[in-house]
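Quick heads-up: it's one chain on its own, the form predicted alone, in structure tokens.
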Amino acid sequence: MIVTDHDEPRDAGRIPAGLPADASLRRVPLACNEELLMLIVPLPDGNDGESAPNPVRITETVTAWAAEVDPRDFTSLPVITVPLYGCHVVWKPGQAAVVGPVSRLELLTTALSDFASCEGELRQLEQRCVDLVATVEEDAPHAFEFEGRAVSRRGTLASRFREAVAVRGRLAVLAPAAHAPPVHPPTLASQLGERLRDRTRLAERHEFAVDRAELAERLYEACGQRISEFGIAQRQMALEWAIVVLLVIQTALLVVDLLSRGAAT
């Protein structure tokens, strides 16, 4: 059994019945600030005896376990199953299972954790894009003309622009992982990553998120330009009024001076 600081005891209540005694649960912290609950089921290497566990039954058990409703609020994505050279990987957001020979488990769990981190961050960015696009219709008029009554929204528009830029930046960082080319020669870990990315449409989802982030960024960049132009116009108007006031004062003083001179003569 693979033992880490994040392994849970057998009586944790989450390991389904009918699995080998050395099956374990591992809570894997991901780079996207989520946690992956991973069920690890080791199989003996090359054991064809009658006492060997039934891989088909184990696969059905772990697939049913992964399909259970998770109390955590994740986007409803289907359970993905990947058979791979005598191993079987089951995944959905926040939950996964790895069934295979002991010699291959470390490679599979590492590759699965890397994929889950990438998918988790992309899912978070997708939600942030959805939130940004939801405000586009409301804020679109400010990209054409910014009026004085909208001054109170300046901070909100600036905040949304910063959010759009931040999302674009994170999507750019995530691009190499989402669009990773096939590895030659292929390895067990690389093939698992490729199949998971393909079945979750990771590259297409990344492209859609980039399009949404670009839309929001262009909109709020235009809003920023209108705000800047509005501010410049306001300052120019204030300067013009100041010049007018100074001219009026100067003219009044000149008139008073002329009147005083006329009275003296």
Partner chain sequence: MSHAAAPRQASIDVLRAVAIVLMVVVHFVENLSGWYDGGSGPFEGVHRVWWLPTGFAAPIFALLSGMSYRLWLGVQTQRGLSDETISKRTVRRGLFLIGLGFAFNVLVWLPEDIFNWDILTLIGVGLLVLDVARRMPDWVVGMAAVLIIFVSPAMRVAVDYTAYWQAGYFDYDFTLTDVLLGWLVVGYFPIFPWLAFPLLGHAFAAWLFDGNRSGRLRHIAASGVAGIATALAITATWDALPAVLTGEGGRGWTMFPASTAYCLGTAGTVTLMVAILHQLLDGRRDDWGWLLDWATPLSRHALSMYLLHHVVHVWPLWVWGAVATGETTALWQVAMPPAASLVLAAGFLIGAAFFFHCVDRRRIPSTESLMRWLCD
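This is a predicted model, so every value here is computed, not measured. Residue numbers count along the first chain shown, from 1. Rigid core: the largest C-alpha set superposing within 1.5 Å between the two forms.
Only in words, not in the display: the form predicted together with its partner chain, which the text now covers.
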| property | result |
| --- | --- |
| Contact test in the predicted complex: Ala238 vs its partner chain, heavy atoms, 4.5 Å | yes |
| Its partner chain contact in the predicted complex: Leu246, any heavy atom under 4.5 Å | yes |
| Touches its partner chain in the predicted complex: Ala21 (any heavy atom, 4.5 Å) | no |
| Its partner chain contact in the predicted complex: Ala242, any heavy atom under 4.5 Å | yes |
| Large Cα shift (2 Å or above) at Ala21 between the shown form and the other one, core-fitted | no |
